[in-house]
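Shown below, as structure tokens, is a lone chain in the form predicted on its own; questions about how it binds or moves come after it.
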């Protein structure tokens, strides 16, 4: 297990963790990243670095993570299976660990047809569960996926992306169990808007003994406009109830109402069994995050 992961230590102590997703620049410049970091410095436990989200091109996540840690922030770096074969995944794990990034979140990655490079070829040499198994094998068994020995095993805290909102609901816990059995130390969910569905998922998850002690980090995303809410209703793997859209439509200040909704969701998920923290996704609007955690 990772000795240098502050996130791991906080979860082991039973503390509720707050992680901020941070917008990655779309240029070869750290300045926008630094400005966003300063808004949240010492207000959160770690920073989540997405991996070319929406299948669009951003600054390399590893570069962003290293820079943020130089500034003093702990990072949770996403690695997706869309852009990497098993060689690149293992190389990325070694490089991440060598550069002192303590936490990795493995994801499938948004499909390339969702972004602005629709002609790009997806990789998916291994799936999410297999990627986690590879990482665990390198860390705990000191072996690459082909059985060869790892000279210096990577010390990383391994996370897995899970989606409580994809159908069928009854199948979701079994998929999560496979990721945990493969080696996930914690899971991070898609953004929660439908509390009823999320609560049902939590109950099903906690009924399975292997999943009863796994820390769950709930994704939280403030709705900043009616258009934003409606766009998310069309996004794959998301459920935004019509009632939330109507609240924004009825408000003279939709952004303030969206922040109010997000705070209500945070207060509710905190009460749910197994939820040990939140990951706040502000989509480049990091100035909203302090309002959500006060």
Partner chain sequence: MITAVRKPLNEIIEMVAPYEKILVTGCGTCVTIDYSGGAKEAAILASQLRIARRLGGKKLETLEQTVERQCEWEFVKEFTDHAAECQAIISMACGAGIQTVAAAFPDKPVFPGVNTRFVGMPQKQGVWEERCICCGNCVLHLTGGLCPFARCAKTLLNGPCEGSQDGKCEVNRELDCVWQQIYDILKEKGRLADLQKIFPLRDWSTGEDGGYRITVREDMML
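Since the model is a prediction, treat every value here as computed from it, not as a measurement. Numbering follows the first chain given and starts at 1.
Not on display, but discussed next: the form predicted in complex with the partner chain.
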| message | Between the partner chain and 217, 255 and 263, in the predicted complex, does every residue show a non-hydrogen atom at 4.5 Å or closer? | response | no
| remark: Given 93-101, 150-158, 219-227, 116-124, the stretch touching the partner chain in the predicted complex at heavy atoms within 4.5 Å is 116-124
| So in the predicted complex, does any heavy atom of residue 74 sit within 4.5 Å of the partner chain? | no
| Is there any non-hydrogen atom of residue 79 lying within 4.5 Å of the partner chain in the predicted complex? | no
| task | Examine residue 241 and determine whether its closest non-hydrogen atom to the partner chain in the predicted complex is within 4.5 angstroms. | result | no
| field | Distance check, residue 139 to the partner chain in the predicted complex, heavy atom within 4.5 Å | value | no
| message | For the stretch 129-150, I need every residue with any heavy atom inside 4.5 Å of the partner chain in the predicted complex, listed N to C. | response | 129, 130, 133, 134, 145
